[in-house]
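Below you'll find only one chain, the form predicted alone, shown as structure tokens.
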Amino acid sequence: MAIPRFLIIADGDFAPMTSKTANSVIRYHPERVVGVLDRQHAGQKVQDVLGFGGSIPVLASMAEGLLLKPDTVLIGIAPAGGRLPDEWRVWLADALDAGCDVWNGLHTFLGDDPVLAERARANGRRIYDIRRPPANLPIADGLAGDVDAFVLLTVGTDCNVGKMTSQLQLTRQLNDLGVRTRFVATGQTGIMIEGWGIGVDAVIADFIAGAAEELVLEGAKGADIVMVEGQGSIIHPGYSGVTLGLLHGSCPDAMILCHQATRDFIGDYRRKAWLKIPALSQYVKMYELLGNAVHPTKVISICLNTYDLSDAEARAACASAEKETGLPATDPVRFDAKPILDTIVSARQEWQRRPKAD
């Protein structure tokens, strides 16, 4: 597949915490993004809105975006209520008529929309429904615990706290150190960045762990370390099923706990606070207890998301997390990740010395 040139739709929700897919694609592949469609910030640069992204323009209309010659329109946010706005459907039809593919990470599969599907067919374009799961996924059988690579899973205190971003940062740096490390995407944003994976939150519940197992088996080919992208939180009433499926299906040898330092309550940040986030030390115990029921594992470090803190406040948060858990803690986007990288390398060496089961 040729490298795409993205026009990203993030209309009405383009901001540091509300456009995860758009933001992550911009952070890791800014050279592929020609512009962002968001009428609220039109006329600004992406850098002005997110604090990164450079001079990528924010545009007021699909017509403006198409003038920049994208070959792919990427849906970068989940619209309110999860329903595709009628206006967006018109925009996507115009983009297909202009010769663009559509990359869609929503739970609603646009390839099943008869109007858009016909526009794509008539123009020789494709609609990629990133979350559409593959057929014939297995039920997990513990095979991920037998791979020759060291498997590392990110786990979280809540959704959207930096599990994917932390792993992408660490994956790049481990590869720079000569440790063959492969990131395994389990969500739509990671798939868009990495080019492969399975959106496990769209998989039938019985097969979530099996999907995780399949991803580890594939990711371990030619790798020293497999970084499995975590999802949700083990105590989130809405998403804990996906979290547990990933934990048991991937059979991680180690885990990294991720947390947004200023977040105090579980749940979407648009909703009224309703469930207090426990102490990090409690999460460590919970994840280790549940993980060890299937495969030996432990939490080896803490990654904090400190985007909304000053440097001094962020460093204090990292020091507090270290003191509480006894584990190295940092924000790998903001600060030097060496303490966590060293811990990963050391944990892998310890794992290599363990006697292997027959």
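Numbering starts at 1 and runs along the sequence shown. Given the structure is predicted, the values throughout are model-derived calculations rather than measurements.
One more form of this protein should be noted, the form predicted in complex with another copy of the chain, which is absent from this view; the next part is about it.
Peer 1: Look at the candidate spot formed by His236, Leu244 and Leu289 and say whether another copy of the chain comes within 4.5 Å of a heavy atom in all three of them in the predicted complex.
Peer 2: Checking in the predicted complex: His236, Leu244 and Leu289 are all within 4.5 Å of another copy of the chain.
Peer 1: Counting non-hydrogen atoms within 4.5 angstroms of another copy of the chain in the predicted complex, say which of Val184, Ala209, Met255, Ile130 makes the cut.
Peer 2: Spelling it out, the residue with a heavy atom inside the cut-off is Ala209.
Peer 1: Exactly one residue in Ile75, Ala140, Val161, Cys100 has a non-hydrogen atom within 4.5 Å of another copy of the chain in the predicted complex; which is it?
Peer 2: When another copy of the chain is considered in the predicted complex, the option within 4.5 Å is Ala140.
Peer 1: Should Ser240 be classed as touching another copy of the chain in the predicted complex when contacts are defined as heavy atoms within 4.5 Å?
Peer 2: Flag for Ser240 set to yes.
Peer 1: How about Asp146 - does it come within 4.5 Å of another copy of the chain in the predicted complex, if we only consider non-hydrogen atoms?
Peer 2: The answer is yes: Asp146 has a heavy atom within 4.5 Å of another copy of the chain.
Peer 1: Does the 4.5 Å heavy atom contact test between Val294 and another copy of the chain in the predicted complex come out positive?
Peer 2: Yes, Val294 lies within 4.5 Å of another copy of the chain in the predicted complex.
Peer 1: Does Arg172 make contact with another copy of the chain in the predicted complex, using a 4.5 Å heavy atom cut-off?
Peer 2: No.
Peer 1: The chain here is shown without another copy of the chain. Which stretch in 83 to 91, 278 to 286, 163 to 171, 116 to 124 comes within 4.5 angstroms of it in the predicted complex, by heavy atom distance?
Peer 2: Within 4.5 Å of the partner lies stretch 278 to 286.
Peer 1: What residues of 183 to 205, in sequence order, lie within 4.5 Å of another copy of the chain in the predicted complex by heavy atom?
Peer 2: Read in sequence order, the residues that approach another copy of the chain (within 4.5 Å, in the predicted complex) are Val200, Asp201, Ala202, Val203, Ile204, Ala205.
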